[in-house]
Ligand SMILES: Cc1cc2nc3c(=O)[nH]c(=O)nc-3n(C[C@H](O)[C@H](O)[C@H](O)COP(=O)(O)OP(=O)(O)OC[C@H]3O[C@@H](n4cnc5c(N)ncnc54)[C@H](O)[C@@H]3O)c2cc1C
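Shown below, as structure tokens, is a lone chain in the form predicted alone; questions about how it binds or moves come after it.
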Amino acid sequence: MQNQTINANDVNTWHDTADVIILGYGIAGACAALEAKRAGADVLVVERASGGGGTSATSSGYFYLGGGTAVQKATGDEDDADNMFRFLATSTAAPDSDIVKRYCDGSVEHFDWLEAQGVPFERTAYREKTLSTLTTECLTSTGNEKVWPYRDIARPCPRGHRVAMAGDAAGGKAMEALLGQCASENIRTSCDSQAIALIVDAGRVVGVRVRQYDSIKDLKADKAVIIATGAFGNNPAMVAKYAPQMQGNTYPIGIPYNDGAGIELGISVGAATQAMQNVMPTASFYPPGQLLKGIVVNNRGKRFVAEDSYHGRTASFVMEQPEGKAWLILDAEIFAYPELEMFGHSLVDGWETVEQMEAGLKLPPGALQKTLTEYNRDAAAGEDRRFFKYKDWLKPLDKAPYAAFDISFQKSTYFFFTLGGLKVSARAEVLDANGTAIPGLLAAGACACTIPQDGKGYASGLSLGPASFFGRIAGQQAAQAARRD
């Protein structure tokens, strides 16, 4: 249900006052708090949980950064801001080029800033194709940089910078460093506090009403309120409304507080939203990387995506196929079981001939045979003329027996997080339907829609990267806002 705003004239008592009030203490909120405090503002962070971290602390710890970072230089991977911009502006279909350009132009400085806060990064690279490494190695290709046509538009370069922590939740190491900085700089927090309404005065956001345990408190923001809350994947009603395709055998990624509360707060004061229907889905069939040498077909026996695409891109295309059905086709030379059992890709069967496999999968007679004949011809020649799969993953599938894994949507288990959120400017201002900034309100993090617009253009690191970057900008902008006396 949409939140109702509170008129400042109806507030009897301000229970606390700060220059800048930040809602949410994940990576966007922490970075906003540090920058606002360092710019001279009195900062108060409001967090629903009993401490900071949010979904950022449970993430794999990838930051999508480039333009020539210290890691890229150390590993010999040549990049520059213009090259990074060409890739992101094209592959993500981001509607606001100013947001993308600001991010790319500031990427090197942002990497240096993160390291200065104590976020650790090795000067190493991981060159294999994987969903997420579990080692401390840093630089990884985490997107569609080598996928056509993007590799012809921008020089492919790895930009996934992984925090130097072994294991599956390296984002926790980043949050440990950032929250430690916040604590050392005495940034005030109000935990176990849920923002339930924004307080407005003549069209300007001037505060927030929160519920803390059994108490209701009104908090005054003399300069600005920053919404830095999460996505909405854990709000079934919002998913049903905006992204109904993700109901059924799908599971949201993130903490329970990813319920879109911050987005609804913004909507209540007239904020526009963007890309609310779009998600980043995944049911990756790799690792091992050798499986990328197979082909993926739909129930017409036809290929529909370059198999070496980022797993979110492949999953997005699978979801669009007739009945959401798709199979990964392998021959004996590359056969292996997908390593990530959580996605539940099941082996259908093995067959001695393509004709038998076609019949076993109940595909139209001759369809798979035609697809494989054309693919094998192209693979032997070293050029995929259908989807231009990168040469490293081309191999004729001609070594019997053959096998198929069912990777269909609603058959396998698809995980997802939402990408839509409040429409913002490159200065992190929350915008209304006319593109006008709402006075006193900024946003960053998963509640705001910045660079990644859909799963087809997503790359690992495009959550933590823009969230931390635009969190910093939100903090800077809030601290510079005129004080409202």
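Note that residue numbering follows the sequence shown and begins at 1. Because the structure is predicted, anything quoted here is derived from the model rather than measured.
From this point on, the text means the form predicted together with this ligand, which you will not see here.
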Considering non-hydrogen atoms and a 4.5 Å limit, does this ligand approach S107 in the predicted complex? no
Please determine whether G230 contacts this ligand in the predicted complex, using a 4.5 Å cut-off between heavy atoms. yes
Would A221 count as touching this ligand in the predicted complex under a 4.5 Å heavy atom rule? no
Quick one: is V46 in contact with this ligand in the predicted complex, heavy atoms, 4.5 Å cut-off? yes
Going by heavy atom distances of 4.5 angstroms or less, which of S193, N299, T92, Q181 would be at the interface with this ligand in the predicted complex? S193
Please identify the residue among I253, C157, V354, A125 with any heavy atom within 4.5 Å of this ligand in the predicted complex. I253
Contact segment among 254-262, 80-88, 311-319, 330-338, judged by heavy atoms lying within 4.5 Å of this ligand in the predicted complex: 254-262
Heavy atom within 4.5 Å of this ligand in the predicted complex - qualifying residues of 60-97: S60, G61, Y62
